[in-house]
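Below you'll find only one chain, the form predicted on its own, shown as structure tokens.
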Amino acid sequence: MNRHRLAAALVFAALALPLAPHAARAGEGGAGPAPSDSAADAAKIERGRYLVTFGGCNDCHTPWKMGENGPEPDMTRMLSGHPQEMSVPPAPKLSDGYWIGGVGATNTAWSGPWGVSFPRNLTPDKETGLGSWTEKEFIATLRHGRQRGIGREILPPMPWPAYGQATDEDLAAIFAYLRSIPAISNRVPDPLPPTP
């Protein structure tokens, strides 16, 4: 009989173990995130990953390389922008009419009437990426077409007017995802002015 009680007590204790950390946190005045917060954060990051993937952010913000089947994004430098070590020639002289073209082998430099623009580093690196940005600044950038909502204009081909139509929740999810990826130190150059 004692063995049955001991077995029942062990089963009960094993079933209660997963509840113990949550109960302890709740008893400590809410210290630490509740499991639902973790699930919500994970869902937000996953939504951001989906939007970044679906939105084609890697097409411009990830340097391309030659792969076995032709050009492909270099995911070891995912979303790190134009490589700082790669120089780009001055903007080409434009013919009449509006046009846009890629400059360079990595697909991370774009030329048009504005000069040459470079996709920025979207990784959470504090010095060269978005690591020091707030969610509010990120959303303002895509709403107003200016860095951090008040700085330099965002240049083509960045489709900020389209991204600016997204909900605050979706833009916050994109930012959460970008904060979750590996930080890559890569200082993207400033835009080049148009050729006179």
Ligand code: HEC
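Position 1 is the first residue in the sequence shown; the rest follow in order. Here the structure is a predicted model, which means the values were calculated and not measured.
In what follows, reference is made to the form predicted together with the named molecule, a form of this protein that is not presented.
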Does any heavy atom of E153 come within 4.5 Å of a heavy atom of the named molecule in the predicted bound form? yes
Residue-level contact is defined here as any heavy atom of the residue lying within 4.5 Å of the named molecule in the predicted bound form; does G56 satisfy this criterion? yes
So in the predicted bound form, is the named molecule close enough to S117 to count as touching (4.5 Å, heavy atoms)? yes
Whether P191 contacts the named molecule in the predicted bound form should be assessed with a 4.5 Å heavy atom distance threshold; does it? yes
Contact assignment for the named molecule in the predicted bound form, among G131, P157, G164, G149, heavy atom within 4.5 Å: P157
